[in-house]
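Next up: just one chain, as structure tokens, the form predicted on its own.
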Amino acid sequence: MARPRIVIVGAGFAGFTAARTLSKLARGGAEIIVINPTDYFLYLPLLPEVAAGILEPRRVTVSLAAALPDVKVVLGEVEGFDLDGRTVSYRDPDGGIATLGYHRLVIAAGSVNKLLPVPGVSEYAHGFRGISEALYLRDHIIRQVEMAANTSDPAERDARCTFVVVGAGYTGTEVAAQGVLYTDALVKRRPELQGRVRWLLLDTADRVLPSLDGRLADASDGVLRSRGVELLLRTSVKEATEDGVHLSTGEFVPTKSLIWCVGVRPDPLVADMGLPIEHGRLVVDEFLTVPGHPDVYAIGDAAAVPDLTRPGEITGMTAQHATRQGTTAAKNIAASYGTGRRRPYRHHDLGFVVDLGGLDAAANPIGLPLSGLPAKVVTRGYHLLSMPGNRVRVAADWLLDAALPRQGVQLGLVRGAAVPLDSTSA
């Protein structure tokens, strides 16, 4: 038999874990190929710390070549699939089209920013799903503070000092919590701006972190309010303009900074495959295979995986699920070649962590609600254990941030046109 070739589409949490697990199980007995737009794995949970100037961007990017030495990485954007012919077509960074054949296919295409039909959002909002967006947001925050300090127009100054975050889930809450500390540091030597900076956090839910334990949500709420973040709950954006945002309450908020963190949706690539989908995600069975195509697996945000702990539901779009599904898919692929036996995907919730900056955090490891410093220790420990690389560098940056003031310098590496909200994926 020809040497098995396993092609994995995407190197997010699901694809990366599948590739790493397969390389260990195969021990060189299979050719494992990952197709991904970048040559790194991005540790998304720490992006807010990149935007807030705590971590350097390379700290949250792990080289695929270094972390997956027995895996071939192909740079490209997947264009389509021929499931009957067992091929994947992709576009390389220079725009050329190529195809790859496979014996087993793992679709781990991930997700993109979730857009709502709100006028002006795609033109004036900043998304938050990748390194380029985090770097752009960091520059943007610094730029607004500097321009606010230079203007003599009070209205312009207030607009530039106002930052509106939409979405009070994990990402939005962390962006607002870290962001207000960052702007406090930036205006420390600008007395004319002190007391003028506003951070607003909007959500249609009736509390922040609606999917988290109520006690942790309340603790996070208290931290945000104590820092001066204005929480506008049961509120949505009706229209975004160049000069500000119109809210569902009828209020108009003048601002140059609308940060869109309302969630994610599956990569549109899977919807174009002509296969059954559920909530935009590929339908798979409990073994993570696509019905009718036993050689095709789908995992992570791209897959509607049955939640065996909650019959009738599908698993959430979280890194925790993606990582575990990557492991299960790899083992099931190995089982299809006679190594081990196939098992259904079944998970047990380990809890969640939310870093609120400073010495504050919220966490519920194994169902135990924590807040404050104990939660901070758990949160940072969890991230260090979860990262597949750069742990020492991340810990060093944390120590430096605790000991030294943050640098407020624009790098100018990413322009706004390079990070359109409607086309950023992870």
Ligand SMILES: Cc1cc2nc3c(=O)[nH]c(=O)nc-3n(C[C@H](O)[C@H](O)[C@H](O)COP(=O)(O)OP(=O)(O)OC[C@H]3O[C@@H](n4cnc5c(N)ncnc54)[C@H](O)[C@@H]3O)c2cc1C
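From a predicted model like this one, the values you see are computed outputs, not experimental measurements. Start at 1 with the first residue shown and count on from there.
Keep in mind that the form predicted in complex with the named molecule is not shown, yet the notes after this line are about it.
The stretch in contact with the named molecule in the predicted complex, judged by heavy atoms within 4.5 Å, is 39-47, chosen from 370-378, 55-63, 24-32, 39-47. For the candidate spot formed by 122, 162 and 245, no residue has a non-hydrogen atom within 4.5 angstroms of the named molecule in the predicted complex.
Interface residue remark: residue 267 is counted as part of the site for the named molecule in the predicted complex, having a heavy atom within 4.5 Å. Not displayed here, the named molecule is kept clear of residue 298 by more than 4.5 Å at the level of heavy atoms in the predicted complex.
Of the heavy atoms in residue 320, some are within 4.5 Å of the named molecule in the predicted complex. None of the heavy atoms of residue 18 is located within 4.5 Å of the named molecule in the predicted complex. This chain is drawn without the named molecule; in the predicted complex, the residue among 257, 111, 315, 183 with a heavy atom within 4.5 Å of it is 111. Though the named molecule is absent from this view, in the predicted complex it lies within 4.5 Å of a heavy atom of just one residue from 128, 345, 136, 199, which is 128.
Annotation for 154-188: interface residues with the named molecule in the predicted complex are 170, 171 [heavy atom within 4.5 Å].
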